[in-house]
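The same protein chain appears twice below, in two forms, each given on its own as structure tokens and labelled structure 1 and structure 2.
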Structure 1
Amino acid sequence: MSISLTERAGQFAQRTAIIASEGSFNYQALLDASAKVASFLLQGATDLSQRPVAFLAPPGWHYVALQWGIWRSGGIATPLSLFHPKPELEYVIEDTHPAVVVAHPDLVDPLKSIAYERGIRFGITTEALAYHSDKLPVISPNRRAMILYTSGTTGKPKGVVTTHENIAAQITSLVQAWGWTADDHILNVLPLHHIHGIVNVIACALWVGAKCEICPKFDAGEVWNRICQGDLTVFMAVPTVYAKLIDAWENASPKDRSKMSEGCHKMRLMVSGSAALPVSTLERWKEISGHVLLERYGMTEIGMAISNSLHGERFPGCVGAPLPGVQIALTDETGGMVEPRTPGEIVVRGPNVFLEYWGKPNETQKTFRDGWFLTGDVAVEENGIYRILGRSSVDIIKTGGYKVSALEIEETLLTHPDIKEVAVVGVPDEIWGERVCAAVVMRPGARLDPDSLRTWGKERLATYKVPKDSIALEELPRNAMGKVSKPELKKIIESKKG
């Protein structure tokens, strides 16, 4: 991917590439800066030969120049999370054994000590960006390009290795499906240790010569100010971000609301992903913005795989049809293909699918069957359109002999007038196998009455789907992408019920 991006960047040399807190930079500046970074990493060597380079930088110019520089040096870009405490940073560095650890000047601690204690070379982004350019290696597409770590919901996080070829396939599929052009201008509000921001936003924009504006952190008021300026064409976010933008809109004056909505009307595309989008959020956002959010499905190992249509009908609660170049099937527990309208595990095949889990050949082998990647996510398909039922390990609850979808129950509970947010999990139960439990965030002034909620639920759901227990929380536990951490939520529920 680095060679392809580099070649393509030359076509757009004088066009603006990145707008960030550090300033505005064109594609030629990105080429020049990344060449300096690559030369700094190499320091006279001819090639990093697919060795990882771990780096930590806030969203912005330093981040992109560093990422491109790693690719151009022949290294594997391994972005670290701004949200991880020292033990989690140590875990990634020990797992990857990087050739170099690089940090932004504001983020030197604790990375410097972690690197020095392990005898790993440590560098600062400002040093890399001031280095002299030297001869760089030619990078073949089948080389390893990036390691992104999974969220670790079913065990220790695993390093997902994608090649330059994999990433290029992920980008070109989205460019085709979502109509990216050089005239686009996108605002990134997403963290950059996750595929959503890295590939869907920044890489797609830079592939076509578009402008990518990067917020150092998400702030609903600042995002609305940018939208109001009317020059953005594309916006992508997670459901939690849209919920916060809705709250900010509702708390604004009528005059400001009008400006905010008008800014949305000037965009051509707004996308939601990385977590299930409540239909209530989709409908409210449509009222505010005039946009039916485009929902899609993907994961770290495969990039994006399924998407609602850019120009055709979009189906609320569904993620659409397979993207260009991606093969999708639904299978049962034995690996056989399921009948239409029957739930099954999503399996994926195509050039977008990752190469391996870093240093874990057995784990890699377990996740493939006959060339298909086993996602662990369950969906149902009807007329070519897919609806996600949840992750088999956390969202499919086995209770009293039934398999129920936590996402379906959540969607129903969100229609209750007093419930603002909800998450449903299954907790171990001697009688039921798993007991359906709900954690809710109530709207201001409302109080949870579990008995009344069960009565209300029985009028809308089969009895075995109605939560047997419910608790009220001030907020749901979430990860950096805004996705509810259901393993953490199970612990909270069990501790309160214990």
Structure 2
Amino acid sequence: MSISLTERAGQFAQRTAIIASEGSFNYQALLDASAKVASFLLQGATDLSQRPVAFLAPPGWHYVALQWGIWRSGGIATPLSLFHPKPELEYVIEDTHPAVVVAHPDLVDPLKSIAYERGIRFGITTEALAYHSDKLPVISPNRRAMILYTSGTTGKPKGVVTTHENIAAQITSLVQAWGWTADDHILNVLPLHHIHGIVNVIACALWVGAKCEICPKFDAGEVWNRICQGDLTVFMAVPTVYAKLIDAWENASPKDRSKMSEGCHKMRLMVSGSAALPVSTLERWKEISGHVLLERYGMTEIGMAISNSLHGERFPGCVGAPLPGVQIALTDETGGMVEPRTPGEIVVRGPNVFLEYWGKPNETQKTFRDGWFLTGDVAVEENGIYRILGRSSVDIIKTGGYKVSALEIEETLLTHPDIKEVAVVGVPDEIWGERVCAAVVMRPGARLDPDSLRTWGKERLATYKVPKDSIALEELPRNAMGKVSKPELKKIIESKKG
């Protein structure tokens, strides 16, 4: 795949590319703006030569112009999360050592000081967009293009590095499978530090010359207003978003409900992924919208891998069959293929699979066996259709479409002066997929106050990582080796809450 997203844009020059709070912009405007950003980053140099550029902008025009500008300068686009408090931003900046940190004017603090304290150049998106265009480097497809941070079992997030070729493979597989065309008009409601919004929504739309409309943040009422206008063709979200849209529909008047449902009828495709879609949500959404949600399975490291079909039967509770160009196998602990209808770990091979974890060659090596990427997810296959059974590790919690590491949360909670021991688990939840819950053993004389612990947690962790429930125990359930038994802990928490 030699041709890139930015190289294709010229053929759609006068078509609308982005509709956002900043206005409406065609593909030529995106090429012009990204050339200015690239020149601003280069400052006369010929090529950023695969150095990361960390950036923070709300979902919208600045974000996309910046991302494309980084690619065109030869840099590696490293989007930061709007949800991350200072310590998490610092972690990513320290881990990547970017050539430049760029922020939207509304998001200068605390990034500017984080960059300056480390001697890193800092820029503002408005300066970059007002710069002049210089000559830009030619970027070969096998170069690093993006680093997305994702939580793993070892606590701190890892930077997943994909090349231009990987991203192109991830996009073209979806364009083919889901029938994207230049006539499509998608509404993005997803955060843009995660693969779902970045690749499945924005990059796919821009690959084919379609319209990509970007909400600065998710708001159920706003989304319904847009759907009611009847001009959207495609919508993609995580199960939690569909649950919130269902709530808003149920609270609307009968007259509004029928307008909302009619807007959905005008779309050609509605997709769910990034976490298991409860069958109850799928069924309720079908009653409301007339759509059987197309559920798919993917991961930051591999893009999308398995999907229900666009035109054929969709299987509730299942994720369908491997996507074009993606090889899938289910294996046992020794790497042997499992028999049909037997659970096995999903392993993946293909041009969609990432290059490496940034700066972690050992971790990268550990996640591959004979060229296959080991996902850590367990699935079962019958007649070519896959059903996800969950992660082999209980320490990864999926909440509201985010993947969070229990170990990382535990590490932070243990810095609280009143907490002696802690264990974090995910408990099944209708809305969030899983709820983050903590069990703590307090220091002598201290008492747990769940509300103030939440407030304390929000100053140190992204809100979605902060335990929604916490309980105090005399002691944590441990096995003979002294390790906390998390399945047992989940039962204790569920019995106390239920």
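By convention here, residues take numbers in order along the sequence of structure 1, the first being 1. Take the two forms, find the largest set of C-alpha atoms that superpose within 1.5 Å, and that set is the rigid core. Just so we're clear, the structure is a prediction, and the values are computed from it rather than from any experiment.
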Shown alone, the chain in the form predicted alone appears as structure 1
When you overlay the rigid core, is the Cα of residue 445 off by 2 Å or more between the two structures? yes
Exercise. Using a rigid core alignment, state whether the CA of residue 427 is displaced by 2 Å or more between the two structures.
Key: yes
**Request:** Could you check whether the CA atom of residue 456 moves 2 Å or more between the two structures, using the rigid core for the fit?
**Result:** yes
